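Listed next as structure tokens is one chain, alone, in the form predicted on its own.
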């Protein structure tokens, strides 16, 4: 009979994300793993761990295995109905917090909210802001609503395509991290577990961004802002598109010095 496997046996291996997978399979914190290196893993735990290892080695992101991902100062439930939150998107939060004081009473719309990270983070940081969020995916909206229930935030969720979901409403800030990947972008192979509809947007990746830029002016207050996340090579064209209806158009880079966001104020 082979010797039972211990935590230490796995920690010594070169299995990708083994600490995280052990923590998930055994319901141990990382510190507990190292405090109990000789813990013998039961057959049930080992079966659970083997499944997790196989899924991770197939390329499935750890966030989908754990069902959660941190963003800004909160943790969010994620499923395959939603994109996995990325640290680059935190730039949109920083820009928004610099635009308006947290004590102001403003109306904010998060278009294509996904798991709700932008809307919920802003509502949690700025309790006086009235935040709304939309998504065309009912599955994503259910995830976002569930995430909102885990905080003290009140958010108005609407189902529909971009601004069609909130007709006749006017906002001070419209913010979006829309699909912006080209239809045949080679990087899509690395994103095969994430919802394709939340990623691709036409031959140049700008179809949805064009729609938002066209629709937004009708639903912004005087002096209101449109803030968009985009790909590394799209900022110049987005700035050109925005200047038709917006002034003070500015671009921002993320922490990796990559063009990541563009903002404009309605004329």
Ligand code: GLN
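Residue numbers count along the first chain shown, from 1. Model, not experiment: these values are computed from the prediction.
Below, we refer to the form predicted together with ligand GLN, which is not included among the displayed structures.
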Next on the checklist: Please identify, from 121 to 129, 149 to 157, 94 to 102, 178 to 186, the stretch that has a heavy atom within 4.5 Å of ligand GLN in the predicted bound form.
Outcome noted: 178 to 186
Next on the checklist: Under a 4.5 Å heavy atom criterion, is residue 83 part of the interface with ligand GLN in the predicted bound form?
Outcome noted: yes
Next on the checklist: So, residue 199 and ligand GLN: in the predicted bound form, are they within 4.5 Å at any heavy atom pair?
Outcome noted: yes
Item to check | ligand GLN contact in the predicted bound form: residue 191, any heavy atom under 4.5 Å | outcome: yes
